[in-house]
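Just the one chain here, laid out as structure tokens, in the form predicted alone.
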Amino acid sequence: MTGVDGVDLRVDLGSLTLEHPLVDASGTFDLLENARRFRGDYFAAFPYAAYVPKTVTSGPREGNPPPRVTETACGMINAIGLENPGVEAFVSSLPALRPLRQPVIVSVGGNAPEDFAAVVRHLEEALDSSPGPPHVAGYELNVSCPNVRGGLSIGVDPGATAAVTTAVRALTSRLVLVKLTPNVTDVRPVARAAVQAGADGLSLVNTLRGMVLDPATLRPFLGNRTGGLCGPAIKPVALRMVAEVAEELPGVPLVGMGGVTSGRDALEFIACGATAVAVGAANFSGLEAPRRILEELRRECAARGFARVGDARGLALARAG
């Protein structure tokens, strides 16, 4: 049996080497706010191998009307609406992240390819003119929120997803991940289109579209009527989609997400073909959640005799002979 301390948790997400597989899901972990609340040097104790901030758009967005978040069975549902101050304000906040030694992967959103391109162009120019920390290693293109003109999602359309990816790929040599939606009949055509358009890897899955009713009025509770369901309720769907994409596109780095609350959950995503694993709703349970999940992952690997976490990758994909 491999000792717990002897497990090698390092993974390669494309050209980016991470200390361990865990990253935060965009919009679920505010590093600067947590650093203000934490006693001691929270940057030194940052629990994730990379930091994915809240999605950035070209201009400020107010988001959806309240209420925006509520709990539901085995999860939570939110309709934030990508509220953020825009890329100029985000760039001005980057100096506050300089103590962070882990890489930053910027989540980018928009309504059309030119919107995504505008964010990345602005960031590339800012990073070129002011090199140094924080280390912005790449971008995660959030094509999987209902953010296209007409209320549709870019991520349900392979052609639209490819157009966004192509527009961004032309602007940067940094890592480009495309975040896929589960709200499709088959995720594989969209995944394939993103990779063929130049994506280095894929993140999946984003939230499932759902609705919660007010028990008193029997009217939709959220101000936006519908929202994104996350948490343990969606894990079986997320595992299935990660496995499908891993089989369809062998060798493409995947960031699996959807209902990760324990080390075993994280290991299951890796067994389904994920390279890295994003933790989302569990971050709202307390500051200790990511560190606990990481230690549980290490113990799960040791108990199974894995010297490296990568030894578990793809085990669920093997067909019985």
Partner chain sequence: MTPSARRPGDGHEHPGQWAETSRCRVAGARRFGAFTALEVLAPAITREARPGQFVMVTVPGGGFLLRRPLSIFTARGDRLGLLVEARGPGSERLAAVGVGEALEVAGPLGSAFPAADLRSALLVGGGIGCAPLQFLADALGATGVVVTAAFGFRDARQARATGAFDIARLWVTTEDGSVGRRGMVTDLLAAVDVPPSTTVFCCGPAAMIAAVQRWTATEGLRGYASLEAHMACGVGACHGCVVATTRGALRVCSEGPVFPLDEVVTG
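Positions refer to the first chain, counted from 1. On a predicted model such as this, the values are computed, not experimentally measured, just so you know.
We do not show the form predicted in complex with its partner chain, though everything after this point is about it.
Although the partner is absent here, D30 is a contact residue: one of its heavy atoms lies within 4.5 angstroms of its partner chain in the predicted bound form. Not displayed here, its partner chain is approached by M76 to within 4.5 Å at the level of heavy atoms in the predicted bound form.
Although the partner is absent here, G231 is a contact residue: one of its heavy atoms lies within 4.5 angstroms of its partner chain in the predicted bound form. Taking the partner from elsewhere, L171 is found to have every heavy atom lying beyond 4.5 Å of its partner chain in the predicted bound form. Out of the listed residues L267, A281, V52, A276, A281 is the one that sits within 4.5 Å of its partner chain in the predicted bound form by at least one heavy atom. Highlighted residues R36, V69 and E288: every one comes within 4.5 Å of its partner chain in the predicted bound form, counting any heavy atom. Partner contacts here mean any heavy atom within 4.5 Å of its partner chain in the predicted bound form, and among 93-101, 155-163, 231-239, 116-124 they occur only in 231-239.
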